[in-house]
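Quick heads-up: it's one chain on its own, the form predicted on its own, in structure tokens.
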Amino acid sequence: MKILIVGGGGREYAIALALKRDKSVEGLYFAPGNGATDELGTNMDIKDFEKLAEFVKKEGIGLTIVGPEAPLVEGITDIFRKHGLAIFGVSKEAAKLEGSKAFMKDFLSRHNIPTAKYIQTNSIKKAYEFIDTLSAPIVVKADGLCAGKGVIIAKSKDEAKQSAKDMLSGESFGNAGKNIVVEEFLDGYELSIFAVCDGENYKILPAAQDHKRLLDNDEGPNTGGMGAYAPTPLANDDIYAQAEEFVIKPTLKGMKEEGAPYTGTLFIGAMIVNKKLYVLEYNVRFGDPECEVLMPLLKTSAKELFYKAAIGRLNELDLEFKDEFAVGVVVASKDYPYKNSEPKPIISNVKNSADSYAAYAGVTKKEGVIYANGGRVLVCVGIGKSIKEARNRAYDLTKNISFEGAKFRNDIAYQALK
């Protein structure tokens, strides 16, 4: 089977490596891919979804996997399904769970799924009034897509009001902030829990933990993610049971009732407070960098997982994972997350192996040389029998790959090791 992967980040690179372990995968295509994915398959510069669907039909590509949220929100799967093509990813209607934080919070409320007390509004007056009912810290979120950066945790009511004002005026996040969600702060620890769904059935994956802040000890600004590890010992059988019973099952039931059956990845951003699970947010795709640590742990064929989900036959699949751990350390460019940095050549002695690999993301290729192109450049992933062994292998990789201005956190997986 030939497979197309839509996207061009570390998540898509990791999915490609997992697919290549299956001998029945004949060839990989990327749209658009990045400067390193052309070593795994063929990069395609086709942005129009209709033209991409025509290309898939012409080439006899049997499965398309959508990595990032933007094409899902824009409706790529609806177009491909209209053409009778197998595609892994949620419909445009279902993608509203990520595309609109207000829609997501209202959905949780409608279906009695546990979440923080909130208001969604475009009125500065209502936002201020609700802020006055809360104790600090207070969470203020832009409604639309902001690449993981549209969330402010305000340390005071005044800061929360200023954040709300900046968003609603369009100053902070443009149109994405013209509607906002203000919610109470939940004090606990975060988990990333993923379920692959086919509209009726689901398969739950090992829980991961992401590190959002730029600097060690969870300091500095929020980012798209500076590292992750899986499975996390902070998720026990009770947490998984709560996720299934109170979140995944009612979400699949609710989406079906609302005319948008959920086929794709359900990413639950969960907060655990006094052993109880609350939903902070939904994403409608794999997290990045969580995907990079989950894919190498798959024992079951990645092709079978994505294909069975795309065609509604997940119930036929036994999903198995290796009895190992993976730790991923994001190596970012000098000015991340404030602005893009100048491209810098990457010097690498890394060879991907069974126990470590580099997933390339923000890179371009020029005359055979791979350049760090700004943002999150790559993820160094280590796999081992313990979190400590996996972590050591990930950090060993960071010593063998470098570029001018490279930076990374030194404490990924500290929650599990302290």
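Values in this document were obtained by computation on a predicted structure and should not be read as measured data. Heads up: residue numbers just count along the shown sequence, starting at 1.
The discussion below concerns the form predicted in complex with a small molecule, not included here.
Residue in contact with the small molecule in the predicted bound form (any heavy atom within 4.5 Å), chosen from Asp78, Glu159, Glu258, Glu184: Glu184. This chain is displayed alone, yet in the predicted bound form one of Leu298, Leu145, Met271, Leu215 has a heavy atom within 4.5 Å of the small molecule; that residue is Met271. Partner contacts here mean any heavy atom within 4.5 Å of the small molecule in the predicted bound form, and among 311-319, 160-168, 231-239, 137-145 they occur only in 137-145. Contact between Glu190 and the small molecule in the predicted bound form is found at the 4.5 Å heavy atom cutoff. The closest non-hydrogen atom of Val73 lies beyond 4.5 Å of the small molecule in the predicted bound form. Within 4.5 Å of some heavy atom of the small molecule in the predicted bound form lies at least one heavy atom of Glu281. Not displayed here, the small molecule is kept clear of Leu305 by more than 4.5 Å at the level of heavy atoms in the predicted bound form.
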